[in-house]
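Single chain ahead, by itself, as structure tokens, in the form predicted alone.
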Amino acid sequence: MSQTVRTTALPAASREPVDDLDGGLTISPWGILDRLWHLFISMRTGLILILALAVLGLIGTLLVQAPAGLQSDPGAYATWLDSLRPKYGGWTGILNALGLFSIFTSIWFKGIVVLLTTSILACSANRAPYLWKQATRPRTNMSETFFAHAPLSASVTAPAEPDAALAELQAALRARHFRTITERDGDAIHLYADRFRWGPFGTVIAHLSLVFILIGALVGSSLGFRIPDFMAAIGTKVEVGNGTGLTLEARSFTDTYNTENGAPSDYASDIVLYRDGAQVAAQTIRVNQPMQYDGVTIYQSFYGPAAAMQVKDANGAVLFDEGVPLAWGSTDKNKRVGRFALPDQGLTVFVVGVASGEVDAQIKPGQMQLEVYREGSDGTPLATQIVSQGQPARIADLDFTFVRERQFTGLIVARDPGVPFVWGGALLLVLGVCLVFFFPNRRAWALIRRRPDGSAIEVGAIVRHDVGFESDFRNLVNEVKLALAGPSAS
């Protein structure tokens, strides 16, 4: 027994993949865009992004954040990081590598803000055409099934003709400021009525308000700055930096206290702003009276003692002549500490004074303790010496003089170009919420048919988050019944 099997090759044109495994992989750009579109309009996506933004905000609140502009100075930033190691230990480097010490300017925060903004815009763009069609070209013809299952429904029979019944129903609706649209289909009359048809756009406006607020936050974190602990000793000029080109001088500081309990009642600073050596603004600022100039706002925040220091080299040239704010307290709260740098000499100098009301066995009144460190050292001071007021002391071939005690004023200096966006977003949010809650869109449909003895009216309405509509609907139906009352009214 023999069997012959003949195989014949199929024409190339007839070859088709048997299943997906032997077919070629094709990727459609439109398919990818469609998937992205549905991803961004998904409510789940929006909720996940909002949750992620909230988590980053919580991290930024719980973790110490680097002062504005500090990262532009690698040396100062490294010193600041070292000051955090006692608190965060071995996690300090990891948290820094992840950008969690500057969370609001990190790529994580900005990326999520961009994605959330895109999601909100996509949802608004997806919903707006539907709302526009609903407001301008609503559906007027509803089936009997709708009237049977509508959340609010009623049936009225009346001896009046359909046109008379329609007129009474329209009059009752218009008295309640409803817009009415009618459509005839043979003997049947369809009626659509709505009130506050633009109210649903409040949700779109509220979404757009969030976009404005997010843009404001992004612009503020990217292009603005905030220095919460800007300090200027009285009589000293300090550069504001951050691209402002401004220099601030604190000319005087005054503080007054309550005579009954000794609590501070007012404190104010006379400050002057310079740009390119020319005075551009001057003002006495208080806690609730900040100075504003060229987008920069300066607030009075705190104050404290300062030490006027002067440093000369061996030739008598002045290397440093400024007030040093003693802004930090020692661990035992008995001393106040300030710091200044001599970058050309590679030195950092800490100035230590006795806190107000405290007594120190080594540092007498009219004296300051200087601790001089070489940059890059292991933390061991090059020299530690107590200096008396007006008496130069030679340290590291330099003459250090404690000139006198002064005060310093502590300020908050900020520039936030995103504020107009935030205010605009806040106004839009209020407008959107008012539209949604105070001008709810009310919609109703009616079907009027001729009967041998008059007319039959079916009325139905949809109610969403509008508890007042139900009673208004019942009153409307009762009013129509009374107007069309006759022997067959029900």
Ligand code: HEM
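Just so it is clear, the structure is predicted and the values come from calculations on it, not from any experiment. Note that residue numbering follows the sequence shown and begins at 1.
Form predicted in complex with the named molecule: not shown, discussed below.
Among Met309, Ile298, Ile120, Val352, the residue placing a heavy atom within 4.5 Å of the named molecule in the predicted bound form is Ile120.
Checking Ser153, Thr203, Thr401, Asn242 against the named molecule in the predicted bound form, a heavy atom within 4.5 Å turns up for just one residue: Thr203. Mapping the unseen interface onto this chain, Arg195 falls outside it, with no heavy atom inside 4.5 Å of the named molecule in the predicted bound form. In the predicted bound form, no heavy atom of Leu36 sits within 4.5 Å of the named molecule. The shortest heavy atom separation between Phe437 and the named molecule in the predicted bound form is within 4.5 Å. Though the partner is left out of this view, Pro67 does not reach within 4.5 Å of the named molecule in the predicted bound form, counting heavy atoms only. This chain is displayed without the named molecule, yet in the predicted bound form the stretch 207 to 215 from 106 to 114, 410 to 418, 282 to 290, 207 to 215 comes within 4.5 Å of it by heavy atoms. Heavy atoms of every residue among Met43, Leu131 and Arg464 are located within 4.5 Å of the named molecule in the predicted bound form.
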